[in-house]
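First comes one chain, alone, set out as structure tokens in the form predicted on its own.
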Amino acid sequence: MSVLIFIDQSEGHLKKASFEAAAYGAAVAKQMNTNALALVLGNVADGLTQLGNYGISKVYQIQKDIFNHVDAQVFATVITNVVKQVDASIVIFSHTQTGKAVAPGVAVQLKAGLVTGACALPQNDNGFVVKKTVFSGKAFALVNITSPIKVITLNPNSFGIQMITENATVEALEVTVPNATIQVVATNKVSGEVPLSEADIVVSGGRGLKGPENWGMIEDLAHVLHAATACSRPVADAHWRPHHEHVGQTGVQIAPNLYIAIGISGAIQHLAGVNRSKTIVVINKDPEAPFFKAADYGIVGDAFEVVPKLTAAIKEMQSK
């Protein structure tokens, strides 16, 4: 019984979170003394043999145009059929928008136990126990999956990748594909920006910026750091920034290596969307701002003075 990892892709390119899921799945397979297999749906330009570097032994690919847009029902049915075909006992997704939409459907069809938002390898000494985050990352739960087939979604940026030098074999797979339940009539894509879900560094601004006309210094800092930009909900609600940049409990939930919050007080709803960041830096002139309690590093000062100096210092460092 093998481990099957779903590898998500967009416009022919593998998503960053999928590499982490692949490494996690390979580690689980090593625990279980079995093989780590990967599944890719759709037309992909990236070389799939590279997944061997993350511990994958074989990659199954189903190249059909229908998979170039995510239809959760179609994806769930196809993945379920593949799980049965390759005799997998553990199915792993990344806890991204696609994984959160598809994994529950797979679990239902397979009558499998499901753990979403896993953050550590399973414990096998007393059952199959998976650690996951709960209450928006403020606590952890240990869940014992007792079903024969198990489905797990992995929180992005929660598992360290240890790469090896190997190539995976790639095999085309034929399965019956149901008719699509969703018709895509148009796609509006933001270009020229680092996607929030893929960004290692995020620079975010709040109401402390006082208005959209001051957002240039956020973009300048993000540019020198090769970072994505984000904002708090009040900023998006005021239409200073587009809603796809809103991070928080009711917006995009992210887990970058570095999150820089500028002029954001740190309401609990905002923290719930960013508290899985590896390092949090807060810049705020209010020393009593709640965000400082969650910060790894804090700067008490006026953002209009601190941020330009920080940007200039980074530019100077990069020029050396």
Ligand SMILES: Cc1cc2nc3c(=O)[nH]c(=O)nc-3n(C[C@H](O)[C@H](O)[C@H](O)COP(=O)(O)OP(=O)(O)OC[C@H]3O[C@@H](n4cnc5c(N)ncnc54)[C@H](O)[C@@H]3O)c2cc1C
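Residue indices: 1-based, along the sequence shown. Note that the coordinates shown come from a computational prediction; the quantities given were computed from them, not determined experimentally.
What follows is about the form predicted in complex with the ligand, which we do not show.
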>> Three or more ligand atoms within 2.4 Å of the backbone or C-beta would mean blocked. So with the ligand superimposed as it binds in the predicted complex, which is it here, open or blocked?
In response: open
>> Whether 223, 298 and 311 jointly form a contact site for the ligand in the predicted complex is the question; each needs a heavy atom within 4.5 Å.
In response: no
>> Can you pick out, from 51, 260, 264, 41, the residue that has a heavy atom within 4.5 Å of the ligand in the predicted complex?
In response: 264
> Which one, 102, 203, 247, 152, lies within 4.5 Å of the ligand in the predicted complex by heavy atoms?
Replying inline: 247
>> Tell me which stretch of 206-214, 118-126, 175-183, 133-141 has a heavy atom within 4.5 angstroms of the ligand in the predicted complex.
In response: 206-214
> Heavy atom to heavy atom, is residue 63 within 4.5 Å of the ligand in the predicted complex?
Replying inline: no
>> Using a 4.5 angstroms cut-off on non-hydrogen atoms, would residue 279 count as touching the ligand in the predicted complex?
In response: no
> Would residue 289 sit within 4.5 Å of the ligand in the predicted complex, counting heavy atoms only?
Replying inline: yes
>> Please tell me whether any heavy atom belonging to residue 285 falls inside 4.5 Å of a heavy atom of the ligand, as the geometry stands in the predicted complex.
In response: yes
> For 291-313: residues with a non-hydrogen atom within 4.5 angstroms of the ligand in the predicted complex?
Replying inline: 301, 302, 303, 304
